[in-house]
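Coming up are structure 1 and structure 2: the same protein chain in two forms, each one given alone as structure tokens.
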Structure 1
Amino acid sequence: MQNEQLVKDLQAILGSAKVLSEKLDLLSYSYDSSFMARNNRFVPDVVITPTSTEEVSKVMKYAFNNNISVTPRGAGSGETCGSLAIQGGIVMDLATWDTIEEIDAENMQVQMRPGVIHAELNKRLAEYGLFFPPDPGSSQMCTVGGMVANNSSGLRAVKYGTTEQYVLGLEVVLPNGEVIVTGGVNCRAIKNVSGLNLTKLFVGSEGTLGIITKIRLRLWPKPKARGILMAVFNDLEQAPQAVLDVYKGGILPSGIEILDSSAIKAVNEYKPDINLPNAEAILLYELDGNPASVKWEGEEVSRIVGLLAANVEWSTDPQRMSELWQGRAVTATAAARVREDGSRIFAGEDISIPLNKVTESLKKIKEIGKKYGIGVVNYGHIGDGNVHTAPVINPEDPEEVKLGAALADEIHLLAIAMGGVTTGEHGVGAVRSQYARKEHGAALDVMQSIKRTLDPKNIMNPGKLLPEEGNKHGTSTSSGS
């Protein structure tokens, strides 16, 4: 179909203000944070910004009838090209649809539209003494819709788990335009085992099965107290032991994060006020709960970790805690600071490893980096084995780009070989579908048949999550990372 006709038809459905077709707008939707998007131009044919279920449904019916692919998009903070129209078609920007419809404090639930920003939601919930615990490093920018679609988590997954644990129900517009509700959107029960768990099917489906238009989340009481312990290690290998020792001591921190020496450097350059000590590794433990238990746990963790660490700092001062935690939260991007002409790339950045293999994986990643001559900043959620790595290259040097892609591939294969997975939270998108067969075996066929049932014409975010059917090796046709 000609673009002009497509634009006209969509304007007839949505009105012209919600249809973006100027070249510069389309270009602005050709990237997310991924390395792959940096090296390719995935320009959509048109971008739309619907703000009602009815609008989304009409558009999907239209797309279904005319065989046009549709890619949902939140804030585009994803790392895997998930929100890019790699096969052209419509990008549906849901970030403008950002209403919190109801905070049901008595039933500890909230209902909202997909575009609500994570940090904004928690700001609003704080007024009720409640919170939505998953806490991605992209909290200030990512949408709750994007989080649900990606099953995102982050700094506090150790204790609070991932998004899926909080989704009570969803409203979803299927590829053919039909609107369904799953789980508890129309009921207020917190416990619900009625029927096949369709909610879980859509959580983490990365926009390949339908558009999430309404979300009901269960909430938790916001803990009354919080403390952060910083442990400094002169030997990287001691850090993972200090994680296990705390668990053995019967304490479950809300977060345990690691920064290696280059991550420490990056943070200090970004925000000198934070002033982290130079060391081989720093562990940050976050403890939360009621004031008495946080106090006791802080002392106990200090004692346990103090046996291994060179230095331990325990703080309950809001200013210092926010500095330390913010320091960790910005490492992802601040990594670029370690090399003057370099940029951090989001490639091979999100493997998840068995807890007892974290040290080994960190060492091996350093070795892989050395092999390719690429500096790699290591940080991540060590408490649950979700290791983030930040290769720093000059992304405008074609040689380094190739090396970066090869390095990412090696890190992914390392994860699988160590009994881990290629992604702990950032998702599969277009960049990791090539590992799907290796990771899932025959289960991949089941996934593909579910996809066929719900999306027989393969118009819903094609080219993501699952490798093209018929490709027995599961190799992705896309390139770049």
Structure 2
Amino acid sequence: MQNEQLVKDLQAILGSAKVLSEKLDLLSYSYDSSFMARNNRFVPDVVITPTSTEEVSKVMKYAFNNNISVTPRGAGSGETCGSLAIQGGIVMDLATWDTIEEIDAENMQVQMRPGVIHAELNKRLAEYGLFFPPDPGSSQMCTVGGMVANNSSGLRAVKYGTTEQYVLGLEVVLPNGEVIVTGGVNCRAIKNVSGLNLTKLFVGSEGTLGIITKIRLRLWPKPKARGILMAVFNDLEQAPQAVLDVYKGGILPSGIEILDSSAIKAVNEYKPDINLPNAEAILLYELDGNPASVKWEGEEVSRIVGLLAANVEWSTDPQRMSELWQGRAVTATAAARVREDGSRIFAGEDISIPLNKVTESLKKIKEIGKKYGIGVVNYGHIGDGNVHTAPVINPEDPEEVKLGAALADEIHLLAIAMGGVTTGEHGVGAVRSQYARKEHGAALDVMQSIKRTLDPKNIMNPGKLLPEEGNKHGTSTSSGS
């Protein structure tokens, strides 16, 4: 179908104001933060901004009948090309559909449309003494719909888990335009074991099975107290052990973050005033709960970690907590500044490793970096083994671009070899589908069967999450890392 006719048809369904087709508009939807997107442009044929379930359903029926690809998109803050139209077609921008429809405080849940910003949701919930715990680093910009589609998490996943644990039900428009509600049509219960769990099927499906148009989330009471502990280690081996020892002590912090020597160096060069101690590793523990329990847990974690660390500092003072956390807060930015002609690339950046393999993995990542002559800054959520690696290359140098892709490939394969996975929170998208066979084995065939059943024409976000069918080796046909 010619783009001109496609635009006219969509304007007839949605009205002209919700259909974008100017070149500059389309270009602005052609990239995200990923290394693949940096090296390619995936320009859609048209962008639409529906704001009702009826509009989404009409568009999907039209796309289904005309075999047109549809790629749902939130804020576009992803790092895996997940919301880019790599095969063209329609990008469905849901970010403007941002209504919080009901805060049901008595039943500890909220219903909203997909475009609600994470930080805005928690700001509204705070009025009721409630909160939605998963906390991605992009809180100020990412949408809750995108979080559900990617099963996002972040630093609090250690204690509170990932997004899937809070999704009670969804309204979904299937590829053929049919509208379903998962988790019970009129359900307001928190507990539900009735039927197959279709809600979990759609959470983390990355827009490959349907369009999420309404979300029902479970909420938690907002903790009344918080504290931060910083521990400094002269031996990297001691840091993961200090994490396990705290767990063995019966304490579950809300977050445990690590900066290794590469991250400490990057932070101190970027912001000398922060002046982190020169060490092999720094751990930051966040504890939350009621004031009495936070006080006791802070003292106990200090005692346990102090047996291994060179130095420990614990604080519940807001100003001091902010100072202790400052190094972690700027690490991602600092990583991008470690060389004047370089830039941090998002490739192989969020592997998830078993806790007892974190040290070995960090050492091997350093070796891989040396092999390719690429500096890699390591940090992340050590509490659940989610390691962030930040390779820094000159993206204008074609040779370094090739080396960066090869380095990312080795990091992904390392994660699988270590008994981990290629992504702990950023998702698969187009950049990691090539590893699906190695990660999932025969279960991948079941995933593809589900995809075929719900999306027989493969119009929903094609080229993402799963490798092309018939490719038994799971090798991606897509370019980039």
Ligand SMILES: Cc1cc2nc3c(=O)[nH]c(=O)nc-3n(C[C@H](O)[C@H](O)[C@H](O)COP(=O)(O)OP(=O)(O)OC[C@H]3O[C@@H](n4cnc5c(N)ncnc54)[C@H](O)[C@@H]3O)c2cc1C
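Between two forms, the rigid core is the largest collection of C-alphas that superpose within 1.5 Å. Along the sequence of structure 1, residues get numbers from 1 upward. Everything numeric here is computed off the predicted structure, so don't read it as measured data.
Asker: Which number goes with the form predicted together with the ligand?
Answerer: Structure 1.
Asker: Is it true that N275 shifts between the two structures by 2 Å or more at the Cα, once the core is aligned?
Answerer: The answer is yes, as the C-alpha of N275 shifts between the two structures by 2 Å or more after core alignment.
Asker: When the two forms are laid on each other by their rigid core, does R188 show a Cα shift of 2 Å or more between the two structures?
Answerer: Result for R188: no, shift under 2 Å.
Asker: After the core is overlaid between the two structures, has the C-alpha of K265 moved by 2 angstroms or more?
Answerer: After core superposition, the C-alpha of K265 moves 2 Å or more between the two structures.
Asker: Cα of V330: shift between the two structures in Å, core-fitted?
Answerer: Looking at the C-alpha of V330 between the two structures, the offset is 4.4 Å.
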